[in-house]
Structures are given as C-alpha cells and as structure tokens.
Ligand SMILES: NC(=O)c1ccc[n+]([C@@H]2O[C@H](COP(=O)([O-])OP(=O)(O)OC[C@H]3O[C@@H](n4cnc5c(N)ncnc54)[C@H](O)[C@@H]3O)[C@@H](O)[C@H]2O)c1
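So this first bit is one chain, no partners, the form predicted on its own, shown in structure tokens.
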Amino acid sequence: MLSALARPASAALRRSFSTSAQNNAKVAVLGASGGIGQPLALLLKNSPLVSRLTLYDIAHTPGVAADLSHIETRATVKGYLGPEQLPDCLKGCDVVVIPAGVPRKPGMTRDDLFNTNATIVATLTAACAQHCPEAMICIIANPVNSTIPITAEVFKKHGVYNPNKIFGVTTLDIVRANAFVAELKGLDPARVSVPVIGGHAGKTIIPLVSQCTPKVDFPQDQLTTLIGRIQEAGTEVVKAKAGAGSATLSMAYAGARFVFSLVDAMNGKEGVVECSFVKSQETDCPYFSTPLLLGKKGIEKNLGIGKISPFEEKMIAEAIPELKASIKKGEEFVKSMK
C-alpha cells in the first residue's frame, strides 16, 4: 500500500521502507504534536529501522501516539505530555529529533524566532543531557545557526558534550536543491545529489552546484536565480501558506531522511554521507555544514568543502560574518541563562 502511495526520493528513505537486517533504533521526537512533528513521527513509525518511538510535547501527544499506534508496523509508540513526563520519554533513546518550536509567519525571519525557540531548545537539550547523554541529537528547531551552538553549550554545562553526536538538520536545503536542479534539467530527482554547505538561513545556505551529481551546467544568470530560490525556499512556502505555517511536510521528509541515514550508519552500514551543521574546523566558523561520513558513533569523518568554483568561494566569504554572528548569539544565550 505504502509503496503505491509514495516513491521516496532518497536512498535512505527507500531503505527505510524496505526490509532491514536491524530494527532496533529507539527514537524520540520532541515537539511531536506540531506541524513538523506529526508527519515526521508518521514517517518514523513506518520505518522498519525504528523499534520504539517516543513522542513528547506540551499538548496532544497522547492522541497523536494513539493514532500512530494503530498503524500496522512494528515500532511501539508512546506519547508523553508536559515537562514532568519528559525524562521517561528520553530514557534509553538512541536518537532524539527536536522539531519543537514556533513556526515562521509571513514577514518573519528565522532570527525573529530566536528568543522563543532558544528557550525551548535549551530546556529540551538540558533534559537530553541528563537523561540520554549518549544519544544522537538532531536539531530541526530554527534558527539552526544558533540552536546548534545552544545545544553544544548546554551539553558542555552538563559535562557530556560530544561534538560527533550533535547535528543541525540542514537536509531540507539538499532536498530542495536536488528537486529544483532536477526540475530545471528534466532529470529524475532521485538521481540528483547537490551538496549544500554553510548554514541554514538565507545567504548562509550555499549549494555547491559545481559538485552536483550528475554534472550540470547553468548560465550564470540562471545559476544566480537557482541559488536564490534554494536560499529563500522556506520563505516561498511561508508566503504560499499565507500565515498557516511554514515548511512542515518537506521538513518532516528531510528530517526522516537524515534520521534514517544516521541509523543506517549506527547499524554499521558503510559509506553513509549527509550534510549537517556541526562543530567544524573546515572554515574559521566554529560550526559549519559540510558532507559528513556517518558511522556507529556519529560523525566518523568530516569530508570538507572539496573543490569549488570562484562563485561558490565568494558565497562562502559573504556567509561567514552572518554565520559567526548567529553562532555567537546562541553561545551568549546559554551564558546568560541562570
């Protein structure tokens, strides 16, 4: 039934809906009742890679969990409601995905979300540091350019920081780049792969079209338009939804793709590569997204930026100051907390 309804574009998602030698990942979704959380939980419930799915939010999680529990797949589902139930949601988790937070509305930037979402992420990651310090932490909550430094500083405060296990999920930028390039070139999107590096907001999103597989070429004006569309694709959705939310379904898909890749790597699959916003020494920014080789313990190797065009070099140079400011903002937020 499911295969007739959807043809997942990425190899990771295709694997997630097929048979797997291992089916034991314990995954928590924090913010599971929201616009991203519900479809993300649905995709995770449908995957044979997941054996236990715990859902947390401040409202509606028992209902979401009851609904999902009726689906005829093996993963057990349980909902947890409110701060007092959060520790039980997290205990024993291998992977925690955090889409919690408020969505963007028309006219808002990701930075406008900062104060509300920064507090939410700091609170949730503090609970992770206490109750599942060894878990892989996947942050979707925006602004990712600040919420990843927040997560790192919180884990440092609790003495359990491991930079190889904290990921800013930027996969939606890659998914969009693949879709838009395929559309322009008449290609099968499932066979297009564009690395996207940098950060996860506006001009910090840097698609490396020169590294696209298969190789593609665009006139400079068309390339500039394409890059601009990828960078502002989130705003495109916010405007199209006219106040009814931001990118939720595509973000849920991208979040699931990243989690499935991560779990595949944790299960011992070799050669799993995804881009993610992580602690990095690839530029003079302390955090930066590049392709990562994933392994059993998280990041196995940072594959770096690779060979790029002068146009892409210029984009990186222009992104660095904004990235540094967002990173500093996140770090200072944690320092200001009591």
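We number the residues from 1 along the sequence you see. In this text, all values refer to a predicted model and were calculated from it rather than measured experimentally.
Below, we refer to the form predicted in complex with the ligand, which is not included among the displayed structures.
Query raised in the report: Heavy atoms within 4.5 Å of the ligand in the model of the complex: does Asn142 have any?
Result: Contact with the ligand, yes.
is_contact(Glu274, the ligand) in the model of the complex, heavy atom dist at most 4.5 Å
Because no heavy atom of Glu274 falls inside 4.5 Å of the ligand in the model of the complex, the answer is no.
| message | Even though the partner isn't displayed, in the model of the complex is Thr248 close enough to the ligand, meaning a heavy atom within 4.5 Å? | response | Because a heavy atom of Thr248 falls inside 4.5 Å of the ligand in the model of the complex, the answer is yes.
Answer with yes or no whether Ile36 is in contact with the ligand in the model of the complex, where contact means some heavy atom within 4.5 Å.
-> Ile36 belongs to the contact set for the ligand.
Query - Segment assignment from 240 to 248, 155 to 163, 183 to 191, 210 to 218: heavy atom within 4.5 Å of the ligand in the model of the complex - result: Stretch with heavy atoms near the partner: 240 to 248.
Exercise. In the model of the complex, do Pro195, Ala256 and Tyr287 all put a heavy atom within 4.5 Å of the ligand?
Worked result: Checking in the model of the complex: none of Pro195, Ala256 and Tyr287 is within 4.5 Å of the ligand.
Which one of Ala100, Ala129, Met266, Val77 is close to the ligand in the model of the complex, taking close to mean a heavy atom within 4.5 Å? It is Ala100 that has a heavy atom within 4.5 Å of the partner.
message: With the ligand taken in the model of the complex, which residues across 109 to 130 come within 4.5 angstroms through any non-hydrogen atom?
response: Result: Leu113, Asn117, Ile120, Leu124.
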